[in-house]
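Take a look at this single chain in C-alpha coordinates; it is the form predicted on its own.
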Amino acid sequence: MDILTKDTAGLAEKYKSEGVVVVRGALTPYWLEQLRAAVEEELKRGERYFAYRNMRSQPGIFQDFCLHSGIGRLVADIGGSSWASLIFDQMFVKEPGTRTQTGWHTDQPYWPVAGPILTTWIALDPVDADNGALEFIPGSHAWGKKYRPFTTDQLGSFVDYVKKDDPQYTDMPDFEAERDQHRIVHWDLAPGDLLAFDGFIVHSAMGNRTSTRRRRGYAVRFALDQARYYPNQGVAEWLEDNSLSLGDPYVSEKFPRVFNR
(Lines give C-alpha, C1' and ligand atoms only; values in the text may rest on other atoms or scores of the structure.)
Protein backbone atom coordinates (compact mmCIF):
# COMPACT_ATOMS: atom_id res chain seq x y z
CA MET A 1 0.00 0.00 0.00
CA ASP A 2 3.06 2.25 0.09
CA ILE A 3 3.91 5.01 -2.38
CA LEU A 4 5.18 3.26 -5.50
CA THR A 5 7.93 5.65 -6.54
CA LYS A 6 10.93 5.83 -4.23
CA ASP A 7 13.55 6.86 -6.80
CA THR A 8 13.75 10.66 -6.81
CA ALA A 9 17.23 10.87 -8.37
CA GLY A 10 17.65 14.21 -10.07
CA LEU A 11 14.31 15.58 -8.90
CA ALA A 12 15.63 17.53 -5.90
CA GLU A 13 17.95 19.69 -8.01
CA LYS A 14 15.29 20.31 -10.63
CA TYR A 15 12.75 21.15 -7.94
CA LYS A 16 15.18 23.64 -6.39
CA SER A 17 15.74 25.46 -9.69
CA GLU A 18 12.33 25.12 -11.35
CA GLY A 19 9.99 25.02 -8.36
CA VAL A 20 7.98 22.17 -9.90
CA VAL A 21 8.60 18.56 -10.94
CA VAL A 22 6.46 15.66 -12.10
CA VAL A 23 6.70 12.16 -10.59
CA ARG A 24 5.32 9.54 -12.94
CA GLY A 25 3.40 6.60 -11.51
CA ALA A 26 3.81 7.78 -7.93
CA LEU A 27 0.77 5.95 -6.55
CA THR A 28 0.09 2.26 -6.29
CA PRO A 29 -3.22 1.03 -7.74
CA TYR A 30 -4.45 0.53 -4.17
CA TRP A 31 -4.08 4.18 -3.17
CA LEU A 32 -5.34 5.41 -6.52
CA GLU A 33 -8.61 3.50 -6.18
CA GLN A 34 -8.98 4.37 -2.49
CA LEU A 35 -8.59 8.09 -3.16
CA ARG A 36 -10.97 8.00 -6.12
CA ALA A 37 -13.64 6.40 -3.95
CA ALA A 38 -13.02 8.86 -1.11
CA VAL A 39 -13.35 11.83 -3.48
CA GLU A 40 -16.67 10.54 -4.78
CA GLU A 41 -17.97 10.17 -1.24
CA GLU A 42 -16.82 13.67 -0.33
CA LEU A 43 -18.52 15.19 -3.39
CA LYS A 44 -21.91 14.13 -1.99
CA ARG A 45 -21.66 17.09 0.40
CA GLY A 46 -22.30 19.41 -2.56
CA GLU A 47 -19.83 22.13 -1.53
CA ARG A 48 -18.34 24.94 -3.67
CA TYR A 49 -15.20 24.16 -5.64
CA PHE A 50 -12.61 25.40 -3.11
CA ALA A 51 -14.43 24.15 0.01
CA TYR A 52 -13.27 20.53 -0.14
CA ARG A 53 -10.28 20.87 2.16
CA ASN A 54 -8.68 19.46 5.30
CA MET A 55 -10.44 16.13 4.90
CA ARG A 56 -7.37 14.53 6.49
CA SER A 57 -8.45 15.92 9.89
CA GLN A 58 -11.08 13.17 10.14
CA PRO A 59 -10.42 9.41 10.29
CA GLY A 60 -10.73 7.80 6.87
CA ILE A 61 -8.93 7.26 3.60
CA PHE A 62 -7.59 10.80 3.26
CA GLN A 63 -6.05 10.70 6.72
CA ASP A 64 -4.67 7.21 6.14
CA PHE A 65 -3.05 8.30 2.89
CA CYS A 66 -1.45 11.42 4.39
CA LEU A 67 -0.09 9.58 7.43
CA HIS A 68 0.67 6.08 6.21
CA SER A 69 1.28 6.01 2.45
CA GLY A 70 4.91 7.12 2.59
CA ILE A 71 4.23 10.40 0.81
CA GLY A 72 6.08 12.29 3.56
CA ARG A 73 9.37 10.66 2.58
CA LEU A 74 8.78 11.43 -1.08
CA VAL A 75 8.14 15.08 -0.20
CA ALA A 76 11.25 15.35 1.99
CA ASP A 77 13.41 13.76 -0.70
CA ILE A 78 12.19 16.10 -3.42
CA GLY A 79 12.33 19.17 -1.19
CA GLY A 80 15.77 18.32 0.20
CA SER A 81 14.41 18.37 3.75
CA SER A 82 15.17 16.42 6.91
CA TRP A 83 11.48 16.27 7.79
CA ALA A 84 8.00 16.98 6.48
CA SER A 85 4.92 18.03 8.45
CA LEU A 86 1.36 17.77 7.21
CA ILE A 87 -0.55 21.04 6.77
CA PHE A 88 -3.78 20.17 4.96
CA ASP A 89 -5.23 18.40 1.96
CA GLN A 90 -7.66 19.57 -0.70
CA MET A 91 -9.48 18.15 -3.69
CA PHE A 92 -10.13 19.91 -6.98
CA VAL A 93 -12.78 18.39 -9.24
CA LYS A 94 -13.49 20.05 -12.58
CA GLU A 95 -16.51 18.43 -14.11
CA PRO A 96 -17.03 18.37 -17.90
CA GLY A 97 -17.99 21.81 -19.18
CA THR A 98 -16.37 23.73 -16.30
CA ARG A 99 -14.63 26.08 -18.68
CA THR A 100 -13.52 28.68 -16.12
CA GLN A 101 -9.76 28.96 -15.75
CA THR A 102 -8.43 28.93 -12.19
CA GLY A 103 -6.67 32.31 -12.09
CA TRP A 104 -2.91 32.78 -11.88
CA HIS A 105 -1.81 32.82 -8.24
CA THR A 106 0.71 31.68 -5.66
CA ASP A 107 -0.44 29.61 -2.69
CA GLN A 108 1.77 30.48 0.23
CA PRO A 109 0.74 34.12 0.79
CA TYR A 110 -2.65 32.76 1.90
CA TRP A 111 -1.09 30.71 4.74
CA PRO A 112 0.55 31.66 8.08
CA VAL A 113 3.90 30.15 7.14
CA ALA A 114 7.31 31.55 6.21
CA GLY A 115 9.80 29.16 4.64
CA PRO A 116 9.46 26.19 2.31
CA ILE A 117 6.07 24.65 1.60
CA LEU A 118 5.67 21.82 -0.91
CA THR A 119 2.36 20.79 -2.46
CA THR A 120 1.75 17.41 -4.05
CA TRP A 121 -1.05 17.40 -6.65
CA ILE A 122 -2.12 13.90 -7.64
CA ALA A 123 -4.00 13.14 -10.85
CA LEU A 124 -6.91 10.76 -10.28
CA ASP A 125 -7.97 10.94 -13.95
CA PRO A 126 -6.04 11.51 -17.18
CA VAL A 127 -5.26 15.25 -17.26
CA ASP A 128 -4.38 17.35 -20.29
CA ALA A 129 -4.89 20.81 -21.75
CA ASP A 130 -8.48 20.01 -22.70
CA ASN A 131 -9.80 19.00 -19.28
CA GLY A 132 -7.89 21.24 -16.89
CA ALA A 133 -4.12 20.78 -16.77
CA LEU A 134 -2.15 22.91 -14.31
CA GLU A 135 0.20 25.50 -15.79
CA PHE A 136 3.36 26.82 -14.13
CA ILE A 137 5.96 29.52 -14.68
CA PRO A 138 9.16 27.62 -13.79
CA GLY A 139 11.57 29.56 -11.58
CA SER A 140 8.94 32.05 -10.41
CA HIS A 141 9.17 30.63 -6.89
CA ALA A 142 12.58 32.32 -6.64
CA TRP A 143 11.47 35.80 -7.73
CA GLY A 144 11.14 36.93 -4.10
CA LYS A 145 7.59 38.20 -4.75
CA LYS A 146 4.76 37.82 -2.25
CA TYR A 147 1.66 38.33 -4.37
CA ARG A 148 -1.46 39.65 -2.69
CA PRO A 149 -4.15 37.07 -1.83
CA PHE A 150 -7.49 37.46 -3.58
CA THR A 151 -10.98 36.04 -3.40
CA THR A 152 -12.60 34.06 -6.20
CA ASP A 153 -16.09 33.20 -7.35
CA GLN A 154 -17.63 29.73 -7.30
CA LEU A 155 -15.55 28.60 -10.28
CA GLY A 156 -12.22 30.20 -9.41
CA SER A 157 -12.33 33.50 -11.27
CA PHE A 158 -10.80 36.61 -9.65
CA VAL A 159 -13.19 38.76 -7.58
CA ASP A 160 -11.15 41.11 -5.39
CA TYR A 161 -7.90 41.47 -3.48
CA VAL A 162 -7.69 41.10 0.29
CA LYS A 163 -5.06 42.72 2.56
CA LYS A 164 -5.08 45.65 0.16
CA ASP A 165 -3.15 47.94 2.51
CA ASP A 166 -0.60 45.38 3.70
CA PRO A 167 2.82 46.43 2.36
CA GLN A 168 4.29 42.94 2.55
CA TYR A 169 2.27 42.03 -0.56
CA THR A 170 2.29 43.22 -4.17
CA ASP A 171 -0.55 42.88 -6.68
CA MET A 172 -0.44 39.94 -9.07
CA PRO A 173 0.47 40.90 -12.66
CA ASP A 174 -1.87 39.83 -15.45
CA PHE A 175 0.12 36.76 -16.43
CA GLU A 176 -2.58 35.62 -18.83
CA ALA A 177 -2.12 38.81 -20.84
CA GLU A 178 1.67 38.37 -20.57
CA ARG A 179 1.82 34.74 -21.70
CA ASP A 180 4.28 35.49 -24.48
CA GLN A 181 6.70 37.05 -21.97
CA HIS A 182 7.10 33.91 -19.83
CA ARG A 183 8.02 30.27 -20.16
CA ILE A 184 4.79 28.48 -19.25
CA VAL A 185 4.71 24.69 -18.92
CA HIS A 186 2.18 21.98 -18.25
CA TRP A 187 2.27 18.20 -18.21
CA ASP A 188 -0.22 15.68 -19.47
CA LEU A 189 -0.76 13.34 -16.51
CA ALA A 190 -1.88 9.75 -16.19
CA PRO A 191 -3.83 8.62 -13.13
CA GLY A 192 -1.37 8.22 -10.28
CA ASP A 193 1.12 10.80 -11.59
CA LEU A 194 2.07 13.48 -9.08
CA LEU A 195 3.12 17.12 -9.40
CA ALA A 196 5.30 18.54 -6.62
CA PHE A 197 5.53 22.34 -6.50
CA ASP A 198 6.72 25.18 -4.29
CA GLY A 199 4.32 27.40 -2.35
CA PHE A 200 5.55 30.51 -4.17
CA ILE A 201 5.48 29.27 -7.76
CA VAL A 202 3.08 31.14 -10.05
CA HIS A 203 0.53 28.72 -11.44
CA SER A 204 -2.96 28.36 -12.84
CA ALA A 205 -5.27 25.63 -14.11
CA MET A 206 -7.02 25.46 -17.44
CA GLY A 207 -10.76 25.03 -17.70
CA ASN A 208 -12.39 21.73 -18.58
CA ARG A 209 -13.47 22.22 -22.17
CA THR A 210 -14.57 18.63 -22.67
CA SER A 211 -18.14 17.38 -22.54
CA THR A 212 -17.35 13.91 -21.18
CA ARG A 213 -14.07 13.84 -19.21
CA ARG A 214 -13.76 14.73 -15.54
CA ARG A 215 -10.60 16.08 -13.93
CA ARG A 216 -10.18 14.96 -10.34
CA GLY A 217 -7.09 16.16 -8.51
CA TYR A 218 -6.05 15.59 -4.90
CA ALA A 219 -3.54 17.97 -3.30
CA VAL A 220 -1.65 17.63 -0.01
CA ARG A 221 0.40 20.50 1.45
CA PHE A 222 3.54 19.93 3.53
CA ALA A 223 5.91 22.16 5.51
CA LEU A 224 9.64 21.42 5.19
CA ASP A 225 12.42 21.84 7.71
CA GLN A 226 12.89 25.62 7.47
CA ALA A 227 9.16 26.43 7.60
CA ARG A 228 8.20 28.70 10.47
CA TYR A 229 4.90 29.85 11.94
CA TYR A 230 4.02 33.45 11.10
CA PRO A 231 0.38 34.23 11.97
CA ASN A 232 0.80 37.80 10.67
CA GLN A 233 1.00 36.35 7.17
CA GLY A 234 -1.89 34.92 5.23
CA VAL A 235 -5.67 34.96 5.42
CA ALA A 236 -6.37 31.35 6.43
CA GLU A 237 -7.17 31.69 10.13
CA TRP A 238 -8.09 27.99 10.25
CA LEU A 239 -4.37 27.21 9.72
CA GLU A 240 -3.33 29.13 12.83
CA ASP A 241 -2.35 27.21 15.96
CA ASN A 242 -2.36 28.69 19.46
CA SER A 243 0.13 26.06 20.61
CA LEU A 244 2.77 27.66 18.35
CA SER A 245 4.63 30.92 18.89
CA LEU A 246 5.84 33.31 16.23
CA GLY A 247 8.85 31.77 14.47
CA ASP A 248 8.33 28.22 15.74
CA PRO A 249 8.83 25.33 13.31
CA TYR A 250 5.49 24.62 11.67
CA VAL A 251 5.02 21.35 13.51
CA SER A 252 2.45 20.57 16.20
CA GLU A 253 -0.29 18.14 17.14
CA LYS A 254 -2.49 19.94 14.61
CA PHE A 255 0.25 19.80 11.95
CA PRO A 256 2.02 16.50 12.63
CA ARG A 257 5.45 15.53 11.40
CA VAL A 258 4.84 12.67 8.98
CA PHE A 259 8.46 11.98 8.13
CA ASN A 260 11.70 12.55 10.03
CA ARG A 261 14.99 11.51 8.48
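Everything quoted here is computed from the prediction, not taken from an experiment. Sequential numbering from 1, following the sequence displayed.
Keep in mind that the form predicted together with a small molecule is not shown, yet the notes after this line are about it.
Participant: In the predicted complex, does each residue in the set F92, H105 and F197 place a non-hydrogen atom within 4.5 angstroms of the small molecule?
Facilitator: Affirmative, all three are within 4.5 Å.
Participant: Note which of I184, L134, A76, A114 lies within 4.5 Å of the small molecule in the predicted complex, where distance is taken over heavy atoms; exactly one does.
Facilitator: Going through each option in turn, the one that passes is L134.
Participant: Considering non-hydrogen atoms and a 4.5 Å limit, which listed residue (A205, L32, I61, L224) is close to the small molecule in the predicted complex?
Facilitator: Spelling it out, the residue with a heavy atom inside the cut-off is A205.
Participant: Is there a non-hydrogen atom of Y52 within 4.5 angstroms of a non-hydrogen atom of the small molecule in the predicted complex?
Facilitator: Contact check for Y52: no, nothing within 4.5 Å of the small molecule in the predicted complex.
Participant: Given that the small molecule is not shown alongside this chain, does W83 nevertheless sit within 4.5 Å of it in the predicted complex, heavy atom to heavy atom?
Facilitator: No, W83 is distant from the partner.
Participant: In the predicted complex, does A219 come within 4.5 Å of the small molecule, counting heavy atoms only?
Facilitator: Judged by the heavy-atom cut-off of 4.5 Å, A219 is in contact with the small molecule in the predicted complex.
Participant: Given that the partner is absent here, does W121 sit within 4.5 Å of the small molecule in the predicted complex, heavy atoms only?
Facilitator: Result yes; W121 sits at the interface with the small molecule in the predicted complex.
Participant: Since the chain is shown here on its own, which stretch among 197 to 205, 227 to 235, 65 to 73, 34 to 42 would lie within 4.5 Å of the small molecule in the predicted complex, judged by heavy atoms?
Facilitator: Result of the contact check: 197 to 205.
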